[in-house]
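Only one chain is given next, in structure tokens, and it is the form predicted on its own.
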Amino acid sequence: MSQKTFKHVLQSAGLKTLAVVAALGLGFGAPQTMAQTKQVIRISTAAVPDDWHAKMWTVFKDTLEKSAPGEFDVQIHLNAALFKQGTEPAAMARGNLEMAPISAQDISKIVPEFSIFTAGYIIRDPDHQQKVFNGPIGAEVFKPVIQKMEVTPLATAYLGTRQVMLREDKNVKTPADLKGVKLRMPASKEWLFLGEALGATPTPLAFGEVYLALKTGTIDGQDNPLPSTRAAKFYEVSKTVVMTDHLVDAIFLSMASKTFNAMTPAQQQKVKAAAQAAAKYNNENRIKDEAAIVDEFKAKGMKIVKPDVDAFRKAVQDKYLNSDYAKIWPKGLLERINAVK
């Protein structure tokens, strides 16, 4: 075969190949284009599969699929498998992640005035939490979050209420009753300040060391939400639970603003509604869990003490208001939060 003939064969084959590709494109091009228009929403969370904070994302996905069938591809990544806990806000701002739960502590690093929600006795209970963040105050405090962090909070999920657990039988009614009590707190100045505001002697200690420290008497107590306390089996080395309700914590279901702003108003509304449904599912189940744990602890012979929470609230808020922490809080915001009923 001459060089000229060989070249002619190649050209013919090339034309045939192009014709086949074009024909395939007519048959399969449309579905591929549709698939490409599906908005991918990758969710990164440190929650473990059995946690309500993990299960709520399935509610988000299912709700969105019902309201906007075929419009979104929601991908849930648990156990911090996609991004380490605490790194999600930066990942969303860079456009590397679409959605994640972020904490008040995460936000206050970039928006210092948001630190008011990391202080003790600011939020009274889960119901108060929802009314604050779903009302005018929430709309106001989320504005700088959207502007400075480039993430858009969509819903508020209840993280849990911290209570004080003591290794000895003690009847605690006011902060004065915690005087001299070595209370384990996470090792940061903010947490240690909270322990001091409660009236105790705050003692920094890693969570993994708390069980043995309670058993040996190195510390007199610790504070955590009841589900965490149960999971760590602190009830085995403690006798009293003081229902101080001193920190009602939250996580905010948030989306990268770049992703959210690229959606149509109708899509934005559906995504918000799905996030609210997910938070509601989490909140209801977590609240039921905490109530059940109180009964479990009673059955184990633990003493459940209901202190004068108003006395604790006044003492702790006064301590904060006379500290440097309150200097960056927006003027009048604490009073407005307290006034929400």
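As the structure is a computational prediction, the values presented were derived from the model and not from experiment. Each form is matched to the other, and the largest set of C-alpha atoms that superpose within 1.5 Å is called the rigid core. Numbers follow the displayed sequence, beginning with 1.
There is another form of the same protein, the form predicted together with a small molecule; it is not shown, and what comes next is about it.
Although the partner is absent here, Glu65 lies well away from the small molecule in the predicted bound form, with no heavy atom inside 4.5 Å.
In the predicted bound form, Arg167 stays away from the small molecule, with no heavy atom inside 4.5 Å. The closest heavy atom approach of Asn171 to the small molecule in the predicted bound form falls outside 4.5 Å. Residue contact with the small molecule in the predicted bound form: Ile293 places no heavy atom within 4.5 Å of it. Shown here without its partner, the chain carries Ser103, Leu159 and Pro186, all of which come within 4.5 Å of the small molecule in the predicted bound form through at least one heavy atom. Comment: 221-229 is the region of 221-229, 115-123, 150-158, 265-273 lying near the small molecule in the predicted bound form, near meaning a non-hydrogen atom within 4.5 Å.
Listed residues Leu194, Leu178, Ile251, Val132 were compared with the small molecule in the predicted bound form; Ile251 is the one with a heavy atom within 4.5 Å. With the partner omitted from this view, the residue of Ala277, Ala47, Ile287, Val305 that lies near the small molecule in the predicted bound form is Ala47 [heavy atom within 4.5 Å]. With the core superposed, Ala90 shows a C-alpha displacement below 2 Å between this form and the one not shown.
Remark: with the core as the superposition reference, the CA shift of Ala104 between this form and the one not shown stays below 2 Å. Put the two forms on the same core and the Cα of Gln163 is off by 2 Å or more between this form and the one not shown.
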